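First comes one chain, alone, set out as structure tokens in the form predicted alone.
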């Protein structure tokens, strides 16, 4: 039994303002009783979505020496969790972290695009490299755009039937990970769901989301963080999807209710105590 909180190496960028990436990941997982050790890939004054020209510093050359220092200290990590990556070199460095901690729970949030389009930094080569990283993950958490990029299939806005969603989840799992969650999937019954697949159990899950007519940066980071934290704390896979969905929805609805500018991100601060309640959820269903 550990005499300390479980420890997570979180490899992602740090944006000072805007509530995304590490500024969301650290408080969320800390509220869940886990220790986050940030490994910043870059430092930005703000995120890049509608806040003007941000100040940017690349930290690729920081990652390998950090890993070497951690190894010299004989630090253990129960989880290595990767997010947005800006280059092939950073993908290689994430793979080095995975190799250094082979017994860790390896999470890949393949942050590559949204609304059917890849981000401008994600060339075909970068998508292929992200597929390599995804193969080494135990869990991947793409949105629908990213799922299509990983599968090299065309994105369309038509709703998915249950069988189509299952097929997508299975094909993503065949890349390597045992567990897959695809977020914000419009289903044929008119619902928007987060859908998951556990290859070990051969089980498919869905959790419905309420639609809110606004978009905020960092919600994917928020969802993945709660999902990871819930799994590390012992939740079953469907319960973890449920918990992550409900907390993200709570944060989005709180923010929408206050009417704060979307580019400022979701108001997680008044919501974090929800994560300490250990509430048992039951809104998930079989897909």
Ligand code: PXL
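Positions refer to the first chain, counted from 1. This structure is a prediction, so every number in the text was calculated from the model and none was measured.
The same protein has a further form, the form predicted in complex with the named molecule, not shown here; the description that follows concerns it.
* **Per-stretch contact check against the named molecule in the predicted bound form, the hit in 217-225, 252-260, 61-69, 236-244 (non-hydrogen atom, 4.5 angstroms)** => After filtering at 4.5 Å, what remains is 217-225.
* Answer with yes or no whether residue 119 is in contact with the named molecule in the predicted bound form, where contact means some heavy atom within 4.5 Å. => Yes, residue 119 is a contact residue.
* **residue 79, heavy atom within 4.5 angstroms of the named molecule in the predicted bound form** => Flag for residue 79 set to no.
* Asked: Might residue 172 be said to contact the named molecule in the predicted bound form, defining contact as any heavy atom within 4.5 Å?
  -> Looking in the predicted bound form, residue contacts with the named molecule do not include residue 172, since no heavy atom lies within 4.5 Å.
* To do: Give a yes/no on whether residue 48 approaches the named molecule to within 4.5 Å in the predicted bound form, heavy atoms considered.
  => So residue 48 counts as contacting the named molecule.
* **Contacting member of 93, 107, 147, 111, with respect to the named molecule in the predicted bound form [4.5 Å, heavy atom]** => For this set of options, the contacting one is 111.
* Contact set, 8-33 vs the named molecule in the predicted bound form - heavy atom within 4.5 angstroms -> The stretch 8-33, when checked against the named molecule in the predicted bound form, contributes 13, 15, 20, 21 at the 4.5 Å heavy-atom cut-off.
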